[in-house]
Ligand code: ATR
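As structure tokens, one chain now follows by itself in the form predicted alone.
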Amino acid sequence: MHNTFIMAGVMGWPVAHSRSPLIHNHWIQQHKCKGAYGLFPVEPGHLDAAIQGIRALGLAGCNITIPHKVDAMKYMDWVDPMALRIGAINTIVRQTDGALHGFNNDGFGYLQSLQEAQPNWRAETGPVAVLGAGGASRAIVVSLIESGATEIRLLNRTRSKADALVQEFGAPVTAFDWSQRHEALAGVALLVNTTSLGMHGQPGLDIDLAQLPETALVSDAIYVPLETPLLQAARLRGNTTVNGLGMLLHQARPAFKAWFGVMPEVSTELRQTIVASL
């Protein structure tokens, strides 16, 4: 007999800090769904068994977080082309026949957070400067390219990682030395920090915003704290700023729809619930 109680969760190691249960359980209550969303602490050596367990347990699927986002791909029956380009998945959806499909909704969440802050924002408006070349950077860069960005200036503390992304993603992306980060802001329409610099307990991001146009949107993938030193400096000089909370909230929406059948919204109430938990 088919179980009408829908279960999903998030696999990570560690995973206790994840805000995903708060987000999904808020929507489950709001939409009166019969189901639950939980935390699954999965050690790296147990990832294969845990993912196969999705079928055995009859879960609707799950989110995948650090350190499993790359490794989880190899256990999928099908991976969305966008996730293939990013090289990682953050969502698994079990199909009715038991097949496991992998998606990456981080880029979607990121773009939604920009449009929330600036409804008329367009990727092709002007050059984009992206700081960092890790997983979040890949998701953001791919989503910007797919949305029509024509010039992405990539800056990473280790230059070779930025060069590798240029090799992979081609024309719209150019790499700059970390020492060029101040000048690389000239004329940009969007500045994105995907590094951990400025995160709670980490050193701040040392960057001079003098060359940054006042019209530029400044965004940070970090949400602890909600206003990083970068965002504060940008706000004080008149730039519109976007923190990482919107990306976190909006990436959860397509996953919830896939599992529970409803496309949820990001309400002020949900945002306040998450902020109160930080």
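We number the residues from 1 along the sequence you see. Everything numeric here is computed off the predicted structure, so don't read it as measured data.
What comes next is about the form predicted in complex with the named molecule, which does not appear here.
For the candidate set Ala133, Ala72, Val141, Val188, a heavy atom within 4.5 Å of the named molecule in the predicted bound form is found for exactly one residue, namely Ala133. Proximity to the named molecule in the predicted bound form, taken as a non-hydrogen atom within 4.5 angstroms, holds for one residue of Leu197, Val79, Ala123, Ala175, which is Leu197.
Among residues of the shown chain, Thr158 is one whose heavy atoms approach the named molecule to within 4.5 Å in the predicted bound form. Residue contact with the named molecule in the predicted bound form: Ser137 places a heavy atom within 4.5 Å of it.
Contact with the named molecule, judged by heavy atoms within 4.5 Å in the predicted bound form, is confined among 109-117, 188-196, 85-93, 145-153 to 188-196. Taking the named molecule as it sits in the predicted bound form, the stretch 6-44 never comes within 4.5 angstroms of it through any non-hydrogen atom.
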